[in-house]
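Read the single chain below, which is given as structure tokens and is the form predicted on its own.
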């Protein structure tokens, strides 16, 4: 242990190497059901040079590395070491916003920059960035876009990886690279900006979109030290509505028609349970909110930007209202004592340090996957039947449906709250999580973000794809040092 700390101290300095067992125990396990192991030590890095030196040392010593950029707590198991004697590479101190360009609507940021920090800086330039649903204050923007977390405004998402564009990566073999448009020029951002190149185009360099190898990979290919993200003009006018329904099927045609015509900005669907979790300020308010709210709700936000903002909002407001009427639905600004504007304020802004899903029972586990909207009722029905069978209260299952990539697919998420201090309740929820995950896989769910056991469930369906992933892993991380035990080497 002393020799390892000495070697890392020469790279990052003694103050940035931690071997305290108490601190390391916090890295060994997150709040998911995924297993974890204590790391050997943790190092805080501050630039690409230090990252490259750590990766080179890890290859020489065959030491596993696990990169972490978001602040604790973590919830998906991807940052908990899957093998013993790993070293945590903590990127949360890399907090530079390297560039904001309003003309091209681009920002270049380091992995320690959180949503709250970036949104504040963008606002000064009249820009903004769509966020995942009520994301945590300490969530790294770079980690979020690499994980392809669903965003609230699917109609501005031109592919599943948007708004991510270019990155700087140190691959597992130690090679440093700029991807996309940035990879076609000198490896110096300042020089590229002087040449009016703003890391906008993600494809390349050459014929391979290297950034795709990093998305959803859980840090198993390399370590990203900056990323460019596409931003949006800040709205000048905005209105929000809630479309209530007795059952989900009543909202399917409405959602398809709204998104097909490219209406709305924010758009998502929730059951009353999930909405109560989102809007409650304390656990005692959840049950009362559920009783007040309709069983299902679509939340619709309409934004007007620089050109005729009020007119754009009014036109879309009238058209979406007509679509709702044609589907036998209404579009009020509030239901059950909750306004749509309040919902979007909560949904579209970074929240506290912990997840809002913990408010009801103190702990939770999510099951999420990609599917199409017409398939979601069968998954919801199956989840209700299995929950009842396993003795888990069906009324506690929160459901959240988020269109992705202009509505081409939907993020389908089930939230299962439980009391972590109750062994029987924790065990029951864990059993339901495993059985439901397997059931959804058999039903055709696509685990687009395959954390934990979902990696095995998804990759076992595609032997050729699994073999390709293993070969790519062998090319970019030949010694298998990058977060081993996750994804393609489960």
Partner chain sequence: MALSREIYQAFEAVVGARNISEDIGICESYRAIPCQTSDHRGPFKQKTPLPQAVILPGSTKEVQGIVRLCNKYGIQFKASTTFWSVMGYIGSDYSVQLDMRRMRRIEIDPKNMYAVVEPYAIGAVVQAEAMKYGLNINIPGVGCSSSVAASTAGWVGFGPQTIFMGAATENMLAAEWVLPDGEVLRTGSLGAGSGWFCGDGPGPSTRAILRAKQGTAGSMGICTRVAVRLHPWPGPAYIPSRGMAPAYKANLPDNFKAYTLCFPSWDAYAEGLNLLHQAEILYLGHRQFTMFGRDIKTAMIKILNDPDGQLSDLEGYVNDPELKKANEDMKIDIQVIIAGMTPRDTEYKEKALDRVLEMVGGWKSEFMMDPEIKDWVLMYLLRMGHKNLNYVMCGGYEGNFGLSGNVFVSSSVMEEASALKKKWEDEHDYIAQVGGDSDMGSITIMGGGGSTGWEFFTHFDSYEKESVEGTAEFFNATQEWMNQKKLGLDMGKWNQSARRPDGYYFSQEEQDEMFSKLAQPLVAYYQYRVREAFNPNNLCGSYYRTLSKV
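Just so it is clear, the structure is predicted and the values come from calculations on it, not from any experiment. Numbering follows the first chain given and starts at 1.
The following text describes the form predicted together with its partner chain, which does not appear among the structures shown.
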{"query": "Answer option from 196, 390, 190, 281, heavy atom within 4.5 Å of its partner chain in the predicted complex", "finding": "196"}
{"query": "Candidate from 41, 34, 459, 439 lying within 4.5 Å of its partner chain in the predicted complex - any heavy atom", "finding": "459"}
{"query": "Contact test in the predicted complex: residue 446 vs its partner chain, heavy atoms, 4.5 Å", "finding": "yes"}
{"query": "In the predicted complex, residue 355 touching its partner chain (heavy atom, 4.5 Å)", "finding": "no"}
{"query": "Interface membership of residue 210, its partner chain in the predicted complex, 4.5 Å heavy atom rule", "finding": "yes"}
{"query": "Its partner chain contact at residue 125 in the predicted complex, heavy atom, 4.5 Å", "finding": "no"}
{"query": "Full three-residue contact with its partner chain in the predicted complex, heavy atom 4.5 Å, for 104, 201 and 409", "finding": "yes"}
{"query": "Which of 311-319, 116-124, 84-92, 294-302 lines the interface with its partner chain in the predicted complex (heavy atom within 4.5 Å)", "finding": "311-319"}
{"query": "Partner contacts in the predicted complex for 449-483 (non-hydrogen atom within 4.5 angstroms of its partner chain)", "finding": "450, 458, 459, 461, 462, 464, 465, 468, 469, 471, 472, 474, 475, 476"}
